[in-house]
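Taking the form predicted on its own, here's one chain by itself in structure tokens.
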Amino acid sequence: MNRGRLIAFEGIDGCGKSTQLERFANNATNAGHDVVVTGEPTTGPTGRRIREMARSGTALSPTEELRWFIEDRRVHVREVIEPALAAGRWVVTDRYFLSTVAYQGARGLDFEQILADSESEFPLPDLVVLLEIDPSVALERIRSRGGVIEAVFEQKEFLEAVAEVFRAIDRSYIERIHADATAEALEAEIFDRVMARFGPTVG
């Protein structure tokens, strides 16, 4: 059996990645692919602690924050990602290690070292769909849909720093897509880009 594909949707909060991930997963399933949808932080104990921390407004030290995300990812890879890839499935994840690189890099840690460590420990994504958008627009989207602004991560200056780190990451597996188009146009572009990479008949 061929190993599956690992596709991560990345970008700053409010870029629309969760919506587009869901649309892509539906389109890929309709095209005949066996798709597993997942995300980070996970719903496990460490993932729940991360979400509670983000909402609380009380940040951890950058080093401790990084430790929590890596701990959560190790469980995610072991229990979800690796088994699905071994079964030949397409794993589509809402955030993966590039989010840690960008967000904890924006918190002052060495993003290049986080990237190198992540690539040496975790499965490399076959593709990262990186949605790029102005942080002011992203925050307005969160407010307009009635979302709660996370006190730790969803602040304009911080998201500008996160976006800057995302721009600095140079990897061949990244497809950068401007996220200011309509949801329908973005959906079509993402699906076309993925299929151009993998081919419509790849399992």
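Keep in mind the model is a prediction, meaning the values are calculated, not measured. So that there is no doubt, residue numbering starts at 1 and follows the sequence shown.
We do not show the form predicted together with a small molecule, though everything after this point is about it.
S.K.: Is the gap between residue 187 and the small molecule in the model of the complex 4.5 Å or less for some heavy atom pair?
M.R.: Contact check for residue 187: no, nothing within 4.5 Å of the small molecule in the model of the complex.
S.K.: Taking the small molecule as it sits in the model of the complex, is residue 41 near enough to touch it, meaning that at least one heavy atom pair lies within 4.5 angstroms?
M.R.: Looking in the model of the complex, residue contacts with the small molecule include residue 41, since a heavy atom lies within 4.5 Å.
S.K.: Should residue 103 be counted as a contact of the small molecule in the model of the complex, where contact means heavy atoms within 4.5 Å?
M.R.: Within the cut-off, so yes.
S.K.: With the partner left out here, check for me: in the model of the complex, does some heavy atom of residue 95 sit within 4.5 Å of the small molecule?
M.R.: Yes - in the model of the complex, heavy atoms of residue 95 and the small molecule come within 4.5 Å of each other.
S.K.: Taking 4.5 Å between heavy atoms as the contact cutoff, choose which of 167, 51, 143, 156 touches the small molecule in the model of the complex.
M.R.: Contact with the small molecule in the model of the complex is made by 51 alone.
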